[in-house]
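Next up: a single chain in structure tokens, the form predicted on its own.
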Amino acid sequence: MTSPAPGPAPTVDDEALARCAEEPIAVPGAVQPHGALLAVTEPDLAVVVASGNAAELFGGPVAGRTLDALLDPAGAGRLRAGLAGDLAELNPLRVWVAGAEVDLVVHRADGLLVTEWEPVRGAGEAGTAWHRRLPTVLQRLSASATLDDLSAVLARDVRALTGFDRVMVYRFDPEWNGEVIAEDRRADLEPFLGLWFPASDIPAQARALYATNWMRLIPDAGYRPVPLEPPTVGGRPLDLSGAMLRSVSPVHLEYLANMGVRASMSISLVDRGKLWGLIACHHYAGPHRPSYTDRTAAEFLGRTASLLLPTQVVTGEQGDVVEVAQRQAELAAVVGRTPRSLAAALTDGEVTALDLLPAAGVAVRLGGQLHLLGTTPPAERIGPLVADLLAAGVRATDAVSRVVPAAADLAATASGVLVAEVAGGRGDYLAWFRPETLREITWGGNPYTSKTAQTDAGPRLSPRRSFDAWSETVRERSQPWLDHEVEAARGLAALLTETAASRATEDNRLATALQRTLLLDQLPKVPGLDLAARYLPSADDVVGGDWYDLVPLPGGRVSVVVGDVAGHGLAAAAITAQLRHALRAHLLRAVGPAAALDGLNEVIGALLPGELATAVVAELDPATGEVVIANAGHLPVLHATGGGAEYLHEGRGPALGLLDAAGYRELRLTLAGDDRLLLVSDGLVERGRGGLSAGLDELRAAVAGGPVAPQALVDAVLAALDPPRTDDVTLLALART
């Protein structure tokens, strides 16, 4: 069938949805029966809440007793010793209970110590042979060249570890529909690879719990919940959101039964704090319970894959990122050269606003005048469409008819719209348009079938019963806007805002506004590093070519850059924009900072003949402290240790643009302890009295006797040297944490 909606719109009434949202999945008041739960007070460890099956596990009543009495002295002693430290290091604690081995897992909730007791007997074990191969498995994950490779390795190895009949890697789209992007299964099972499942299969509150609780296990989907006794503590049910035995929603159990699934396990995949997808494990042959150790190993694989996700996503988009960055630099240069003709700069040159992003058309509204390039909606429809999107708080959508239903007839030219506002009070903006892209989606079952069942308590969600492949053609949806495209559009709009606000003043003030767009508003947080930077424009408001940058690299490494283009004013700032973005592109592609500077030198020779610049790049691995430095005619990096401070002169090469082939070299060192690095521009140390040499000596003395923390060090250096501000001044300091 053909659908105008980019995702399913199941026919579920509002009351049923509200009842689903209110279901207390974090406080169900019951646990699954494959283990027992006791909640105890501290420090006496007296039982105040127990699952109804606890007496069976412990061989007698547990109410009012203490864990010291329920365990043998050795087990109780090990438990109390573990409670004094990190609970993550205690779990699991292998103990004997009523003559049987039990894995004890603990966490704290609602002011109580929640203890979960899972019998070892009956759990599946991968065995020591698999766990000895764990380093090889991790190597396969880290060596995956693409997201598809990473997902395939993850599905295969999690299944080998846990023994489930089917293991899938499931990725959410922006509307929380899920696609199976990798699968490893029993040979006789029908494939789910490539199927989509609607967002309603995993309600929002369940997704929120998945983002904080990485592992969910249901060894037997036909279980009968075991209630907690008493059902409340202090007038409210016990929070089980962190409990591995937590009983799950009856709707979810019905869903599994309809799929023929007898046991399931899910592991969250989280990308930079946001739920990205799931590792979904299904078993059909009967109940299935992997051991706690095997489940922990599987969760570890999921956490490892989550750390690799940002790199894989960036790698998959790297070519597009570099191309957009180059176009952005070219447009920045054009704007810099023609600050009083911004509309013409974006619409009449060899590189236009339409070239910035993959789009069919663009609308440029500057100074109250609308200019159109490519294939766009009619001019009279664009203003109202943009206004409706902004009023709805939407600046980028690939399904405009879902935000503005009246725009459904524009699907052929504007199913996707990206708007970037140009501030200034005249309603100016940039808007890019993408046409609809017909897409065939195969769902696991018809997502439009009724999902409401009537009960004595009122309507509730009822999962569909058929999961046979069901296809539809999705319309009124374009290719989605990627994060780097949105950022590039906003960056161009921000540049136009700055330029328009300054163009009535002198050219040097316009250049200042342009250069500020080249500097980071604030340094991003980098785990393992403490960073501080300061940029001071010249007192005369005549901008030089200083810039600094921080470029995240695959594998957790990061490059920090300080550079300086010869000259002042608008021309220097425009060249700086091109060099900064070109160097970013080369740092992402090159094998090291020296190769990146060689590439930048070639760019100057081919595209900017006659221009000169200096730059120094320090590539760091926060995990090891290893640093690789390459220097193109810039002031040497200052390395401060507990014993003083020394300049790193070794390997310093010629300025950029001086030679056709510079052949830059690299200097390597390792930061240890309180070591710091300081990168500066010459505006800090060049002064009339004593010259550059005296300024460098004064800087070294200030750093050697200065504080350790980078921000405090930067402040102390500026206070000690008090540069005359006849030129731009740039400082960037870093240390390991």
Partner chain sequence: MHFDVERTTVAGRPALTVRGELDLATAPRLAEDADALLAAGPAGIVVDLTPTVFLDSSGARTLIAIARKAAAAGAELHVVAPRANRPVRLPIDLLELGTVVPIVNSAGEVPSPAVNRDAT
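In this text, the rigid core denotes the largest set of C-alpha atoms whose superposition between the two forms falls within 1.5 Å. Residue numbers count along the first chain shown, from 1. Note that the structure is predicted; figures quoted are calculated from it, not measured.
Beyond what is shown, the protein has a form predicted together with the partner chain; the following relates to that form.
- Judged by heavy atoms within 4.5 Å of the partner chain in the model of the complex, the contact stretch among the candidates 323-331, 647-655, 107-115, 287-295 is 647-655.
- Interface residue among Ala566, Leu550, Leu307, Val233, judged by heavy atoms within 4.5 Å of the partner chain in the model of the complex: Ala566.
- Contact annotation: of the candidates Leu93, Leu612, Leu141, Leu536, the single residue with a non-hydrogen atom within 4.5 angstroms of the partner chain in the model of the complex is Leu612.
- Proximity of Ser693 to the partner chain in the model of the complex falls within the 4.5 Å heavy atom cutoff.
- Though the partner is left out of this view, Glu686 does reach within 4.5 Å of the partner chain in the model of the complex, counting heavy atoms only.
- Remark: Leu635 counts among the residues lining the partner chain in the model of the complex, judged by a heavy atom distance of 4.5 Å or less.
- Although the partner is absent from this view, Leu87 stays clear of the partner chain in the model of the complex, with no non-hydrogen atom inside 4.5 angstroms.
- Superposition of the core reveals a Cα shift of 2 Å or more for Val680 between the shown form and the other one.
- Taking 2 Å as the criterion, Asp697 counts as shifted between the shown form and the other one: its C-alpha moves by at least this amount when the rigid core is aligned.
- Fitting the two forms on the rigid core leaves the C-alpha of Leu240 displaced by under 2 angstroms between the shown form and the other one.
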